[in-house]
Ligand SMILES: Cc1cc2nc3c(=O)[nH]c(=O)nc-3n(C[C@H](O)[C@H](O)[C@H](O)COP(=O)(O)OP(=O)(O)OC[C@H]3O[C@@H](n4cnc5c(N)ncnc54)[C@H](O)[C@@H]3O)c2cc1C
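Here you get one chain, nothing else, as structure tokens; it is the form predicted on its own.
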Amino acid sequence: MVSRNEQHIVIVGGGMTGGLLAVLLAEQGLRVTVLDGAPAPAMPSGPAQLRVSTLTEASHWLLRNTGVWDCLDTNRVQPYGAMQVWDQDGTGDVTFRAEEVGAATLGWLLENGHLTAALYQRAAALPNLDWRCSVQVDAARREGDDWQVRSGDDCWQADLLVGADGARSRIRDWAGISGGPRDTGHHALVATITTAEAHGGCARQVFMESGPLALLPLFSDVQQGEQRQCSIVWSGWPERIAALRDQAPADFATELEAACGQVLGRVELLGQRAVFPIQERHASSYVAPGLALVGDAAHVIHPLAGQGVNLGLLDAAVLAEEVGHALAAGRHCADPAALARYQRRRRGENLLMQNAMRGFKQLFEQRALPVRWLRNTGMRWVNQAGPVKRFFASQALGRSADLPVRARPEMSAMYRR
């Protein structure tokens, strides 16, 4: 039996998913090296960053029980207690509230860079975790029972290699795992705005013919006023999104107000707009001998429900949990049975979410009058049907029967710091 501190895990990619996995594995006594192509992350200051994420209850408990939540600047974390969804061309709408499912909040909004910086800070407190930044991996190949990972003249030998290097994962490619993109026909525009009316801690999304528009509540900006800052994610046809990107700020604000029905009054654009294509990916396998894929390296879904990051964090938690089970039984960190259980627990759930997001997108793109009537009637029915509404709200919270222990609120006393 090989001791834990003699086993070495290399994680390529140091974002939110790779960072959490590194912390979870290092806390189990394993030697962990993170090879991160990006510079060392720093805590943000000033205006909100463009890229933000929605965290579910399950993700919140994962971060809290690893001590990462304590590293966050709470002034830059925005909880939301309600979610409003409506059809621009109809009368159907649904509003979910946290109290309807016995929760204090439905989720939290924070900047991607903020969470990565908190993970980096937590990692610095773990002596067996080496997070190396600005490292470009040139090659990875299987040699005997190990993986050899090279960057320039440096080489790392890994008992378990993890690809957390994003949608265009080179680790996935070097392992010979297919995961080609599927074009969704959408691009997404992200920006930060201020609104005349306070967002009230409510996440809002309107479905339009060209695609969904989300208004996500951000932390309060003293200069702009209490609770009047939102992040927007506007998905649509590429030519439509390109036109929005190139508009003058005042014209863009007018378009945005019309699209959301001035739900928060007049708006003003803050800073730049960024556009990126939306592609779906799903790896043909999440594992290979001595190797696992997590996060966007394994799966990419449409961002209309804001679940991508949460799926990645759960990947990290389940993989770490299965590795822990193997170690406790005296087996290796790259035990094939443990990797197979990781894939079995995560691949089906991720595929289900991917297909659900594809279905929602296609449903709201349909312009036929019978379909529009049906979906608006369905939304009104869900809004009035207590049990069904509570089910959807529970899904938004990330509650599942197969959550890893650290993502379960009822188990928090075991890990709370």
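Bear in mind that the values here come from a model prediction, so they are computed numbers and not experimental data. Note that residue numbering begins at 1 and tracks the sequence as displayed.
Keep in mind that the form predicted together with the ligand is not shown, yet the notes after this line are about it.
(message) I need the one stretch from 308-316, 323-331, 255-263, 177-185 whose residues put non-hydrogen atoms within 4.5 angstroms of the ligand in the predicted bound form.
(response) Of the stretches listed, the one contacting the partner is 308-316.
(request) Please check if P44 has a heavy atom lying within 4.5 Å of any heavy atom of the ligand in the predicted bound form. (result) P44: no, not in contact with the ligand in the predicted bound form.
(request) Would you check, heavy atoms only and a 4.5 Å threshold, whether G166 touches the ligand in the predicted bound form? (result) Residue-level check for G166: yes, a contact with the ligand.
(message) Is it the case that G290, even though its partner is missing from this view, gets within 4.5 Å of the ligand in the predicted bound form, heavy atoms only?
(response) Outside the cut-off, so no.
(request) Check whether G236 has any heavy atom within 4.5 Å of a heavy atom of the ligand in the predicted bound form, and answer yes or no. (result) No, G236 sits far enough from the ligand in the predicted bound form that none of its heavy atoms falls within 4.5 Å.
(request) Go through P212, G113, P303, G81 and name the one with a heavy atom inside 4.5 Å of the ligand in the predicted bound form. (result) Comparing distances to the ligand in the predicted bound form, the residue within 4.5 Å is P303.
(message) Counting any non-hydrogen atom inside 4.5 Å, which residue from R341, R76, R170, R228 sits next to the ligand in the predicted bound form?
(response) In short, R170.
(message) Taking the ligand in the predicted bound form, would V12, G37 and G295 all count as contacting it (heavy atom within 4.5 Å)?
(response) Judged in the predicted bound form, V12, G37 and G295 all sit within 4.5 Å of the ligand.
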